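The chain below stands alone, shown as structure tokens; this is the form predicted alone.
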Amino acid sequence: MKQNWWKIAGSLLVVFSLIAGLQIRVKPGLLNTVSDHASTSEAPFKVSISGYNTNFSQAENQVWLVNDTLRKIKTCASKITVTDDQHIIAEFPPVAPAADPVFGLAVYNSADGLLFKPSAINTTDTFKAVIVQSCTPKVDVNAGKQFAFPFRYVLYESIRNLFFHVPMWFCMIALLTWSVFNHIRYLRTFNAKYDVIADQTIRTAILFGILGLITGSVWARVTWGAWWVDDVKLNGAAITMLAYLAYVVLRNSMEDKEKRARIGAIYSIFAYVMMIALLGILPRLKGTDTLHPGNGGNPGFNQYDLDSTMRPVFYSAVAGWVIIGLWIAQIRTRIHNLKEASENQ
């Protein structure tokens, strides 16, 4: 039991991340806002509002428009009709834009708290501040607080994939780091056990790399509208996988064990350096165009989505899958050694 504590810990972390990642709800948010008038200053107009995980029918709602950068000028709805928990219709008096011809829209109630959708309403009005209605909504900053994942446009429920896609890549990189360390040990000592550890670890890392590609492709389909896009990091990930698959083919093509081990070790070191360049350096170069968070000028998850609710689940998933990956590599190594011992008898 003492020797297996890390395996038990890894399994518990993975189970926790799976259950929490799928069961914790996403916070309320505003999905769609549609105005029945192109102009907002000529006559009263109605805005149909669609919510997500909202509770519009369970509390009194306030709705207002915002049209300046500091969100100081507000136009409150004169009438609010609740259709159900996810749909309300707000009627506004005539209002002209104080700045750009775009209004943000806010909805507040005690159950959901303050919900805001930027660029919610476009107006055809070209003049500014001819008719500006001002009001002061009453908002309790503590209302609607709940333990839930953040609501993010485009991502929505797919934000949960953060607990699956990213840990797969973290696990792959950790395994490849362990493998290159053991290949260096082999080149220094020519002890065959290090070559076996490194080889079986690489084969395990390929599995997690493929899982990373699959989960990433599904995520791309949901958020970017295509299973695969011409993205420097996606292409780098594909090249990395091809390079390590070529490693397996190269080793299997040689019968001499020592030659296979030496060439495989040298190849894996070069492949590891290439992976670092393709996944860690190239996407971060100035002027590189990539859709991935944290690269190409895009905000990283730690700045945008990874709030205090997601961090415990995310870090548990990363640690858990890395441990599971090392465990699988260890099992593969033992199976290989048993086969070798059986063949030598």
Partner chain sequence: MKQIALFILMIVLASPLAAQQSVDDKLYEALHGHASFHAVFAVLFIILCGILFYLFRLDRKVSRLEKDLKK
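Just so you know, these numbers come straight off a predicted model, no measurement behind them. Numbering follows the first chain given and starts at 1.
Beyond the structure shown, there is the form predicted in complex with the partner chain, which is absent from this document and is the topic of what follows.
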property: Within 4.5 Å of the partner chain in the model of the complex, all of 203, 332 and 342 (non-hydrogen atom); result: yes
property: Residue 18, heavy atom within 4.5 angstroms of the partner chain in the model of the complex; result: yes
property: 4.5 Å heavy atom contact, residue 177 and the partner chain in the model of the complex; result: no
property: Touches the partner chain in the model of the complex: residue 8 (any heavy atom, 4.5 Å); result: no
property: Close approach of residue 75 to the partner chain in the model of the complex, 4.5 Å, heavy atom; result: no
property: Segment that reaches the partner chain in the model of the complex - one of 159 to 167, 75 to 83, 100 to 108, 178 to 186, heavy atoms within 4.5 Å; result: 159 to 167
property: The unique member of 261, 155, 173, 197 whose heavy atoms fall within 4.5 Å of the partner chain in the model of the complex; result: 155
property: The unique member of 92, 219, 149, 272 whose heavy atoms fall within 4.5 Å of the partner chain in the model of the complex; result: 219
property: Residues of 195 to 216 having any heavy atom within 4.5 Å of the partner chain in the model of the complex, listed in sequence order; result: 203, 204, 207, 208, 211, 214, 215
